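First, one chain by itself in structure tokens, the form predicted alone.
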């Protein structure tokens, strides 16, 4: 399939994308099972079910050779002592990578392998984080402003959220006396 080239406008601070083809919005209620303090999460849900993050995408054919790109906005906040985070995922096609360019805010990219390896990289404006094939990944906002990231990955990579929902991550990022701690 031969595509016609296209362009879209991004607001690099706000994280908005002009005319996205798909918008994913995750509220506190969508994050059940991802935070350790389930009671604190339920209090957030009862208090208005705030948005934790949004992802804006342009559609391209989900086949090898195509690149999908998106903008992710992760709100600041905590559930108990744990910082707001994305659900996290492996790619359905495990040997595909992803790159995240932080545009605004600060936080971490938490990563893990099925074999138990765990790593994290600091995210701040202008810092690019490369997630190699076979690594699950999740963004965590440890700042007081939105963490805005631009992401690029092979369009056929897909998302596998089920393994993370079943196994979680070996580390959690919590507020410990005003600083992020990995526990």
Ligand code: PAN
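All figures in this text were calculated on a predicted structure; none of them were measured in a lab. Numbering follows the first chain given and starts at 1.
Below, we refer to the form predicted together with this ligand, which is not included among the displayed structures.
Of the stretches 38-46, 122-130, 58-66, 152-160, only 152-160 has residues with a heavy atom within 4.5 Å of this ligand in the predicted complex. The closest non-hydrogen atom of residue 137 lies within 4.5 Å of this ligand in the predicted complex. Not displayed here, this ligand is approached by residue 26 to within 4.5 Å at the level of heavy atoms in the predicted complex. Although the partner is absent here, residue 106 is not a contact residue: none of its heavy atoms lies within 4.5 angstroms of this ligand in the predicted complex. Using a 4.5 angstroms limit between non-hydrogen atoms, residue 82 is distant from this ligand in the predicted complex.
Taking this ligand as positioned in the predicted complex, the residues of 88-105 that bring a heavy atom within 4.5 Å of it are, in sequence order, 88, 89, 91, 98, 100.
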